[in-house]
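Shown below, as structure tokens, is a lone chain in the form predicted on its own; questions about how it binds or moves come after it.
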């Protein structure tokens, strides 16, 4: 059992009466489990303070840094979002210039807006067979830095939402030759580097700041994350300042205990759990090779992460959303997300044999259904892909998002600069950024997303389809 959890439990079972926050006083629970309320405290004597950790929380953060191979680690209870905001804010001055992958989470764009940054983009290549983004390469980073030598920091996503892993070691060497920091949003890779046979994490490969969402791939509660820092290219006092700004001043001890518990499980049982995880997942992929129509992204050492099951329906006349809906409605299997021509299921060390058996049985049955019905499906016309176009920006994000807007029908917005982020959620990666121009191709892509029933954020209304655009000067 984790150290912080034990300490919280002992306190909750004691006769100390709470004349302090939170208001439930560890007693009134309503429908919430009483045990959770007993653990939920504020910064009282003996329990340290996350914003000036000197006791148990300092010890736990130091323990986490050793586990991941970082020089310093910070607990995050506002998710990877607050880690990304803090990392970018600390790495660049106001009005600075950042080079970042176009498939970064929207939190990165929010940080760029808040710091009034100039953004240059790295566009990941598309793996055409599956319509997903590949990983950014060292050559891409080197070429971009040569073209724009005033860039002050680089931000990448690895693994991507679909599990593609970048060569962080080589990229870090390229970036450090310019004397600037590399930030890696490794939110989906909190398990990397923790067991034999798994790729190293970005801390172990030379990145300056690495952000992990503990809750995504380890057995921790939602909203838990870690920020790791290495080297001397990041001003750590400034980083701590921004963590104070973006992180709640009342951090949840329940969430922090959840981080501690997850990392303790990894330390105590990690080798066995990760070996079982790999064998179960690899076995699933092997058994799914009998499918005649559905395709699955294979494991590739150092290139594709374990556990991200990309289920491709490309060229079948079925969208990813339709496969997603079949699994949900007929088999009660809730996937992570759906896109134009694929859907995504996530497996972790938290999954037992039932998870693999049910998924395998369902996908084999759906594949047989497709076999029986082939030719009866209406072909999806140019199913929307997960690619990123090199959008033309009429003005920088930091300026555009503060301008006046108007709401107009989507079919009247072609050629106009938009006034709000538009993205699918999940994963929350912008298709369009404020200030970018809606082209005919993007207009058609958004229509396809709507027709496929995908979850579009940033749209003002669906019937009719309307968006915000920047108000044109008269």
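Predicted model, so just to flag it, every value in this text is computed and none were measured. Residue numbers count along the first chain shown, from 1.
One more form of this protein, predicted together with a small molecule, exists but is not displayed; see below.
- Heavy atoms within 4.5 Å of the small molecule in the model of the complex map, among the stretches 247-255, 309-317, 186-194, 144-152, onto 186-194 alone.
- Using a 4.5 Å cut-off to the small molecule in the model of the complex, each of 81, 105 and 157 places a heavy atom inside that distance.
- This chain lacks the partner; the member of 230, 261, 73, 213 within 4.5 angstroms of the small molecule in the model of the complex by a non-hydrogen atom is 213.
- Of the residues 161, 277, 109, 324, just one reaches the small molecule in the model of the complex with a heavy atom at 4.5 Å or closer; this is 161.
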